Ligand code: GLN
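Next up: just one chain, as structure tokens, the form predicted on its own.
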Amino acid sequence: MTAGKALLEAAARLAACGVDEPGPNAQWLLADAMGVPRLRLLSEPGLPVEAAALRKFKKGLVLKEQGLPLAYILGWQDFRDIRIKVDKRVLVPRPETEELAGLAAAFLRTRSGELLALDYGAGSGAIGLWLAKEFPALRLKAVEKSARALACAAENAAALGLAGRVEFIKASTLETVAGPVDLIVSNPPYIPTSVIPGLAPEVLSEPRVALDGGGDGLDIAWMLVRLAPSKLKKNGALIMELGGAQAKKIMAAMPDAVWKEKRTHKDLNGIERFVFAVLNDK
């Protein structure tokens, strides 16, 4: 069996099951099974697939057909320029969340000295750990209500050599988290409860606690807006990722007496997804 033939057969098989992007999924699974770069498979279609690699590849295909996210099968997800371990304990980081991390970094570059950031709903730790890597003077509070997710974040921090600058905090709100910090960044659950049953099987295999944002999808976002002012330094920022139409709704409810420089940012698909606001220094 050559790599080219294995990929053609696998892509057709995944497509027949309704898997999105069957070709790239097959490529990543085969590259992982063979222990070679994905692009090598495309440049060398005649590469032989050994029996052990073929068995591992076929197991991965079965899991993909069953609706498991690719990142869970591989055991990792690239996030900007770091590789994060992911499994069923945590949400798979999306490209939009990479954009959120970029907005957070842009704000932190306006600050000087030692930096303190809080990643609420840290999950795998992707956002906060990438920021810690980018800013050697940054100390991070990784806050998460799920003990299982917090354990995954701690494993990632250790693997990246960042554990010494991260405080892992199990908490369901900001009330018990000490401040003040320069930045609160969050990708909270923001899917309305009623919408969840209709989500794609891949999404439904992820932790519900990381998806379910309550009746209007904004339970956690409202909590952050309410409590963030007591946890931020003057001129500190709150940056959040939300769903379509939610960002403007939240921003409109943030009082001018408390917040300044309020704005939303569009993601690469043109959706108003991010809320940015700075705490007044009055």
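Quantities reported herein were computed from a predicted structural model and do not represent experimental measurements. Numbers follow the displayed sequence, beginning with 1.
This protein has a second form, the form predicted in complex with ligand GLN, left out of what is shown; the following refers to that one.
- Message: Please tell me whether any heavy atom belonging to A210 falls inside 4.5 Å of a heavy atom of ligand GLN, as the geometry stands in the predicted bound form.
- Response: Looking in the predicted bound form, residue contacts with ligand GLN include A210, since a heavy atom lies within 4.5 Å.
- Item | Any non-hydrogen atom of A117 within 4.5 angstroms of ligand GLN in the predicted bound form | Heavy-atom contact with ligand GLN at 4.5 Å: absent for A117.
- Message: Residue-level contact is defined here as any heavy atom of the residue lying within 4.5 Å of ligand GLN in the predicted bound form; does I127 satisfy this criterion?
- Response: Although ligand GLN is absent here, I127 would touch it in the predicted bound form, with heavy atoms inside 4.5 Å.
- Determine whether any heavy atom of V166 comes within 4.5 Å of a heavy atom of ligand GLN in the predicted bound form, and answer yes or no. Answer no; every heavy atom of V166 is more than 4.5 Å from ligand GLN in the predicted bound form.
- Query: Quick one: of G102, P180, P192, P188, which gets a non-hydrogen atom within 4.5 angstroms of ligand GLN in the predicted bound form?
  - Reply: Selected option: P188.
- Query: Of L108, L138, C152, L91, which one comes within 4.5 Å of ligand GLN in the predicted bound form, counting heavy atoms only?
  - Reply: In short, L91.
- Task: Sort through 158-166, 117-125, 196-204, 171-179 and report the only stretch with a non-hydrogen atom within 4.5 Å of ligand GLN in the predicted bound form.
- Result: Contact-bearing stretch, as computed: 117-125.
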